[in-house]
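What follows are structure tokens for two forms of the same protein chain, given separately as structure 1 and structure 2.
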Structure 1
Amino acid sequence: MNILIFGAGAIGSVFGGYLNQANHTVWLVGRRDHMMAVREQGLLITGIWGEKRIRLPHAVTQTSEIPRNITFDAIIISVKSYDTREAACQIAPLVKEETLVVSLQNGIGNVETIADCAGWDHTVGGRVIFGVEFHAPGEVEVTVYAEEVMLGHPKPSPLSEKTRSLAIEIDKSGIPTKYTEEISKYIWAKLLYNAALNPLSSLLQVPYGYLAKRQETRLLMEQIVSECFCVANSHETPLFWEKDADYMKVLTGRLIPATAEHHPSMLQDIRKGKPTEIDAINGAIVSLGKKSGVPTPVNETIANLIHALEKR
């Protein structure tokens, strides 16, 4: 397969590296210093899946450097969610009849933005819950793995068999991956987790485990999740759980204990003065709520506080 990784940061580089090693033709588009290092020294992947250095010559900084005659089977978008629209515009000219455009991003709204440019037939949602850290140009580390990557079409598509094949190829390359007919549910499940934990943990500067221990933070998580469920219901978005209380049991009973010592990358972004992905998480709930007339004051207050911290 011909595969383009657009936004080859931490996560994107790992997908590019593994697929390239599995004899697919991979092009990376990323930041200059990282791309130069990859071209010159190869990509070094360290961490829990072992260490490997992968020769990866097609590492460029913009799509205009890619030869026009290549037809990509898949374009994987792994930019931060606030850059999705620009990414989708840039890759749009590369989308041919059978090209899949795969979002491996955080939050909700990414697949809609991609579909605006590429069409729903081509748009594939991905849910990634493993962690990669960017150490230096040319070097990334896989730090934590939770569950398989899930890939699927948010809307029925004639390309679904090809997406199924892509999932098999990624899985064979070494990154556990499954095809699903329920990708939206997976994306929303990750959203619920991120919406409930990331901003509170960032605001209070505490690990996730703290949030489950205190009455006020449990209440805040309940209110955030409750608003998410109301918004999802108002848009007829199906979730894995019927009621918010069902999800809260999973969150406090299983998910938080498994990641009790974790701090969100959102907190790191704030400390580094970088923007966060809050607008694709709690901010996206507020936007969707406005469209359907569902009030989301807790998510809105939290999102505004995070924005205020970003700009401090």
Structure 2
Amino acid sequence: MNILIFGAGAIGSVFGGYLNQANHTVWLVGRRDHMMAVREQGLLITGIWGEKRIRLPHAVTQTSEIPRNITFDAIIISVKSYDTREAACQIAPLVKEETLVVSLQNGIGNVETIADCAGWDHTVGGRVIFGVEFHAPGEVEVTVYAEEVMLGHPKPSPLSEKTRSLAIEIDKSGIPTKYTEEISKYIWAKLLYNAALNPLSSLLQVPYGYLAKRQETRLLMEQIVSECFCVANSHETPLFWEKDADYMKVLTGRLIPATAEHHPSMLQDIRKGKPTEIDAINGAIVSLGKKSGVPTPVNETIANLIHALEKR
């Protein structure tokens, strides 16, 4: 397959590296210092899946550097949620009749933004729940893993079999991946996970495991998740769980233990003085709550505190 990774930071680089190693032709588009290091030294991936240095000659900083005679089977978007619209517009000229455009991003609203530019038939949602940290240009580390990557179309598409094939190829490359016809539920499940953990971990500067050990933070997580469920129900959004308490058992019993030592990218962004994705996570819950008249005071307070940290 010919695959483009647009926004090749930590997560995108891992996908690009593994797919390239599996003999797919991969193009990376990312920051100049990272792309230069990858071209000159190869991509170094370390962490729980082993250490490998992968040669990726097609590492560029903008789509104009990609030959126009290349037809991509899949374009994977892994930029921050606030850059989704710009990314979708940039890759739109590269979308051909059977090109898949895959969102591997945090938060909600990304697939809708991509579909505005690429069309629903081409748009694929993705749920990623393993952690990667960016250490230096050309170097990333896989830190934690909770569950398989899930890929699927948010709306019925004639390209569903190609998406199924893409999931198989990613899985064969070494990144556990499955196809699903319920991707919207998985995206909302990841939203619940991110909303409960990312801002609290960032505000307190602690790994996920700490949050489950303290009564105070467990209570806050319960309140955040409860508001998320109320908002989802008000919009008739289907979830995997009927009650917020059912999800909390999964979060504290399985997901947090699997990622207990992880620090979120939100905390890394704050430390680097960069904007966070809070508006696509807790902020998105606040916005949806206002539309349906559901109060979300805890999520709103959490989002405001993160914005305060951003501006510090």
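Superpose the two forms; the largest set of C-alphas matching within 1.5 Å is the rigid core. Computed from a predicted model, the values in this text were never measured in an experiment. When a residue number appears, read it as a position in the sequence of structure 1, where counting begins at 1.
Looking at both forms of the chain, which one is the form predicted alone?
Here the form predicted alone corresponds to structure 2.
From I170, V29, V26, I187, grab the one where the chain hinges as the two rigid parts shift between the two structures.
Checking each of I170, V29, V26, I187, the hinge one is I187.
Can you give the angle in degrees by which the smaller rigid part turns relative to the larger between the two structures?
Spelled out, the smaller domain pivots 16 degrees relative to the larger domain.
Can you give me the Cα shift for H263 between the two structures? Core-superposed, in angstrom, one decimal please.
That residue's C-alpha sits 4.5 Å away in the other form.
Core superposed, what is the CA shift for H235 between the two structures, in angstrom?
A shift of 3.0 Å at the C-alpha.
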